[in-house]
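Shown here is one chain on its own, the form predicted on its own, set out as structure tokens.
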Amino acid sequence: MALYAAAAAVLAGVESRQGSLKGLVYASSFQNVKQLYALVCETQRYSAVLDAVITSAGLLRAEKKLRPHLAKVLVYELLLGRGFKGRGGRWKALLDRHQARLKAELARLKVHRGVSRNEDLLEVGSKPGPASQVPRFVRVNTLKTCSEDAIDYFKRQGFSYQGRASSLEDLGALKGKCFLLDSLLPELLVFPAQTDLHEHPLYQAGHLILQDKASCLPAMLLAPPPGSHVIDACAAPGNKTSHLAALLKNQGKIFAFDLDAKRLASMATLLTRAGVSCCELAEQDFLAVSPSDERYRQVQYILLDPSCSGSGMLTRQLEEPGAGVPSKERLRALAAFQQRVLSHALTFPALQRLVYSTCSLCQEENEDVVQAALQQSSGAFRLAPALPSWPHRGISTFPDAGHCLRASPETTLTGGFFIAVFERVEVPSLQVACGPVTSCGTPPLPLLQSDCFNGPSCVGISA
């Protein structure tokens, strides 16, 4: 019942312009914000259909105590959602009294419009696009379990394991209770689009992280070895932070910063559930963090995923079907902030590798920001050619922009994303060479896919 009341409150707030849908969801007291967000987005997407059915069935005339926004949420769940499945309490009993009439009115609406499927009732701008076909990616949290055990668990639940994916077509063809292991990330499971695992016991216990494949790439490409000191500069809501902790095996230190107190509190809950013990959270503006601070003298790795327009976010495409490109004014303001924070991050003295990422499709926030930061660094950093086999590359607006990678529902069956990997051009008193060990006794920096072609690893040799 709390879920439906919270969804109704968010819908009412959006209608009265109290805030954005996403902001109101996060500001609510409902604990499972992702479940709430999904329900509100889908209810809003079918809003016109639900209004027509509710009016034709005379629901609000018959139930005068039922508020319109709550009625819309409940009718969505009954006719178009998952059904109440033991939930709903007195609201389920109320809807049961009108169930036959509501279903009849939905069927009549389909006949009137000459369609057979629910989604065909939507206006053109609200119909599911490529975003709705993106598979459900599930990262196995290796701090608590392993891929093999998670796969066995799902198989015991009646899911059919199809092995490791070999192509994008394999991912797009998933249906029913089938799932795959991703071809690139060995800890990433892939389920059919719209698979809901928010109530799955492995998710609730922190063994699984519901995280899009593109969102998993920044931590994977940063690749800090266990024992490293890492900064996650704009950390909330925390999925990438938990991924970094898994790569570190909880050995080392993550300094995570974010200015939003509520998001940081949610992040703390997520990290606790995921078993993360190597992270130090700070409600602080990363731009105010001094690179000369003694606490960060060992930081060699920085993950920077700053605030952006979110134009590539799958949830935004559901929340605002047909939403256009952000205004030029907003893009200029965001890009200016992104450039400042990226240039600031590159001044940390021990930094060896930085991953810059956004969930934006806009060149102003991506290639333009990267180009400006490279110019400002005066040759101290270069772009590493990250994942050369990735099919969608950066826009060729400057030399080496193709070293960056992009992602989108259309080209990679993921959310929209941009990633650039910066690496320091040279380390004082060190030369980079290929070989299995370090003569100076320091651990080698982790290898990007294209860093070295003559040996298994790159190591530092004292000059």
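Residue indices: 1-based, along the sequence shown. Predicted model, so just to flag it, every value in this text is computed and none were measured.
There is also a form predicted together with a small molecule; it is not shown, and the following applies to it.
- The partner is absent here, but in the model of the complex a heavy atom of D285, alone among E119, D149, D293, D285, sits within 4.5 Å of the small molecule.
- Note on contacts: among R139, K240, K72, R353, the single residue with a heavy atom within 4.5 Å of the small molecule in the model of the complex is K240.
- Annotated contact segment (heavy atom within 4.5 Å of the small molecule in the model of the complex): 254-262, selected among 366-374, 108-116, 254-262, 173-181.
- Contact check for P326: no non-hydrogen atom falls within 4.5 Å of the small molecule in the model of the complex.
- At the 4.5 Å threshold, heavy atoms of S307 reach the small molecule in the model of the complex.
- The small molecule in the model of the complex is not approached by L79, whose heavy atoms all lie more than 4.5 angstroms from it.
- Using a 4.5 Å cutoff between non-hydrogen atoms, C362 does not count as a contact of the small molecule in the model of the complex.
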